[in-house]
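Next up: a single chain in structure tokens, the form predicted alone.
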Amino acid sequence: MRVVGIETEYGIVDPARDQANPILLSSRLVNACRLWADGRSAPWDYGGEDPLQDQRGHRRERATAGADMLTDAHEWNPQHGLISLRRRRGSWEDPAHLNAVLGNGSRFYVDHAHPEYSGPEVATAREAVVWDRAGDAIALAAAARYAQEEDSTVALYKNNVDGKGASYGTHENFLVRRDVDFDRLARLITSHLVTRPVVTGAGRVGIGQRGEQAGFQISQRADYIETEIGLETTLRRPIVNTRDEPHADRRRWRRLHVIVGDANCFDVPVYLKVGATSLVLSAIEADDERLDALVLAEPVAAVRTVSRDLALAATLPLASGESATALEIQRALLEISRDYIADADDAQVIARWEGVLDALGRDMFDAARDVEWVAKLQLLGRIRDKHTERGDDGLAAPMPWSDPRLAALDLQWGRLGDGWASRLTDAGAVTRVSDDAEVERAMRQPPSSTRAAVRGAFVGTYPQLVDAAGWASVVLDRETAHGKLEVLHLDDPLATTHPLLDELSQG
């Protein structure tokens, strides 16, 4: 059992107003989400934020940090940009239009120019899929309430690029033992993060940050990864992020904050990017020496090689002097991970991982129901073949990748509710790991396997008592022997109950 979580920044536009301020749209969407929650939401507790501590053992000087990194005492204001938040009764004051902690244990808030859903902590890959899908459903519910309140509409996109050179993130978080050397952790996990897009990539029309080169590639994020390791998340994006903010007992845990992944509209990529990565981390925690043979010689260059290799045949140089394809590295990681199966959930991840790799090895289109980039390539290929054009030689050729209609279709793939990915899912053309009924429940209820159950119970059942909530804290506004505010520390991510909940329920 490993505690994990997924964060998704959504693209947001007003279809009727191209120049609408995305920060203002996002803040109004969060307000609409609060209204959808019908009072069962809470402000965010900034007391646990520590974004400048680096896992390599030092702290970034605040004067040298970009505004995007200062999540502990700053937020974005729709009119004024970056603002400082005032300290208020033990937590940072939380403007209502910027944050909502929900009864399912999640956080829905404004992250710079995007609405973001940070899902609750979960303990299995399948739970990760369910509460990730619940985030999409909550975002759509908020958009519906926005339409009622604003007499206008917003469109939301689950992707990572806007077609104009900007990229926004879908981040994963994995709790890892603190006694694992971070430098070794970073070196060994990199091979997996670089090669897993063959299974988890969402696909993208265009090559280069602005799509300046025509073509199709496997990963949405690849062209925005610029360094191997670093603290930033929006500039010089690294393969391995070094933020040391465990949101748990620092003596026992570190949090691996993964920013290289794509936003996925299919269930299986979400399932595998969480499940397979968790198993590889178990091998790293066990100091499995077989992983050393898979270390890449040039990781940043390999990110782009993997993303642009639609034939899945390009070889990547290894530090050992050998070379291997992304599929071969993934297969080797799968075989190592077999030795770290701890329960039935892990066994199911291995089976699904192996099935997808086998399909890709036979014929990549055999994996179209499970692998998002393959399904997107297949759909766009059919459209290209349907709209052939005659070249100078008079011969018919498929629509070129430079055709702007393909880029537009790529953007529409990830539109929540009615995009191409949603249509394929509704048509039964996509493998489901979750089902609609459990996703609907997860919109309101937290997972029972982690401390999210405690946070969600307080926010969902006793919202009138909650002054603020964070990942590792719930601040209650009630009279006690020690004063009016009471801070509940939730340092153990696997603690699913709290004595005060029993007391309140009985009383």
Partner chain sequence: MPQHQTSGSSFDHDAPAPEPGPPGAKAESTDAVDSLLDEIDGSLQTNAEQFVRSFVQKGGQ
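Numbering follows the first chain given and starts at 1. Everything quoted here is computed from the prediction, not taken from an experiment.
The same protein has a further form, the form predicted together with its partner chain, not shown here; the description that follows concerns it.
Undergrad: Only one of R237, R331, R187, R145 has a non-hydrogen atom within 4.5 angstroms of its partner chain in the predicted bound form; which is it?
TA: In short, R237.
Undergrad: Identify, from the list A351, A319, I341, A429, the residue with a heavy atom within 4.5 Å of its partner chain in the predicted bound form.
TA: Contact with its partner chain in the predicted bound form is made by A429 alone.
Undergrad: May I ask you to state whether A437 is within 4.5 Å of its partner chain in the predicted bound form, using heavy atom distances?
TA: Contact check for A437: no, nothing within 4.5 Å of its partner chain in the predicted bound form.
Undergrad: Hey, in the predicted bound form, does R243 get a heavy atom within 4.5 angstroms of its partner chain?
TA: Yes, R243 lies within 4.5 Å of its partner chain in the predicted bound form.
Undergrad: With a 4.5 Å heavy atom cut-off, would you call K164 a contact of its partner chain in the predicted bound form?
TA: Taking the distances in the predicted bound form, the answer for K164 is yes, it comes within 4.5 Å of its partner chain.
Undergrad: Going by a heavy atom distance of 4.5 Å, is A286 a contact of its partner chain in the predicted bound form?
TA: No, A286 is distant from the partner.
Undergrad: Work out which of the listed stretches, 179-187, 310-318, 291-299, 129-137, brings a heavy atom within 4.5 angstroms of its partner chain in the predicted bound form.
TA: Selected stretch: 310-318.
Undergrad: For the spot marked by M1, G201 and D267, is every residue within 4.5 Å of its partner chain in the predicted bound form through some heavy atom?
TA: Not a single residue of the candidate spot has a heavy atom within 4.5 Å of its partner chain in the predicted bound form.
Undergrad: Suppose contact means any heavy atom within 4.5 Å; which members of 370-389 contact its partner chain in the predicted bound form?
TA: Sequence-ordered list: L377, Q378, L379, G381, R382, I383, R384, D385, K386, H387.
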